[in-house]
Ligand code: ADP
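Below you'll find only one chain, the form predicted on its own, shown as structure tokens.
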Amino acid sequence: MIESAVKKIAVFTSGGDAPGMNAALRAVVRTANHYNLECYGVREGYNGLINNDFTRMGPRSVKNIITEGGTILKSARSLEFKTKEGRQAAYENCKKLGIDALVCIGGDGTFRGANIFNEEFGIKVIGVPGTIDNDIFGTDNTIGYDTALNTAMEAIDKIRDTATSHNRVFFVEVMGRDAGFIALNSGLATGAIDILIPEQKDSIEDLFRTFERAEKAGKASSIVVVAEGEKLGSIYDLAKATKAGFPDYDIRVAVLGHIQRGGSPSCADRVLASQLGYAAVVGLMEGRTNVMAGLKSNQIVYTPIEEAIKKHNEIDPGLLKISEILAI
């Protein structure tokens, strides 16, 4: 039995929702119960801390949620928590309930808030990376990424059926404002002719050369996967420029949008969320604070939150090379 450094914990989900957040929440609540810790859920992230929106949670509070996408605690981005007054109110509410530690499930913004809260008030915090973008340093994958990837892949597969039936060129936009993980992996998995991501210096000339090579190889239809944060311009600008360069092309645009955020989490996301939710509670019990629980090479690791925020997972250049070779 671990001699716990904490007695009462609270857990919340914050920022953009991600499939598997509920599975992580379930793991936190049931691990806390196993080790006889009191556990409270906070509704709507940091807003709930400020508004005193706590609910006592036990094993039955989280039954049957492992299969659900989204988050039963709701999520919100809190402007008030960015103020000293907002954080003070949040701390007073935690103090009233005797909460000595927080498990914060979310991404960059969530971790920044947790970092400041810990520095100002000394309340123990552990982050659990829940974001579909997979751009958090300190874990091989973030919760929600695998599900979002599979959702994107299945959607692009369906679009390809139409593209090949009509000899069309489709520009498909996937999520990834600052990171191209979803675009690169879904593009490779669906045989995209080109993949445009924020991390690469792409040019219209390069794109056109790809189309010319495809024509020479006898390709009659094509898919171009574009991350929403691609620096070249909007997906509609890219389609317009391509139409000007290749007037004979029948070009269509598909924006997958928030469909990628939802849905029942994949097996990989459910298992990852369960591991990290458990690790967060055990980490707090062991006296850890201001760290993020992650999984690297199938081992639980704890990374300082400051490091998780400052650094970013990097795109594998080998995958980019493979996608180029296999596309045509």
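Numbers follow the displayed sequence, beginning with 1. Quick caveat, the model's predicted, so the values are computed rather than measured.
Beyond the structure shown, there is the form predicted in complex with the ligand, which is absent from this document and is the topic of what follows.
Among heavy atoms of Arg112, some come within 4.5 Å of the ligand in the predicted complex. At least one heavy atom of Arg77 is located within 4.5 Å of the ligand in the predicted complex.
Interface residue remark: Asp206 is not counted as part of the site for the ligand in the predicted complex, having no heavy atom within 4.5 Å. Although the partner is absent here, Asp108 sits close enough that one of its heavy atoms falls within 4.5 Å of the ligand in the predicted complex. Relative to the ligand in the predicted complex, residues Gly16, Tyr46 and Lys82 are all within 4.5 Å by at least one heavy atom. Heavy atoms within 4.5 Å of the ligand in the predicted complex are found in exactly one of 192-200, 147-155, 249-257, 112-120, that being 112-120.
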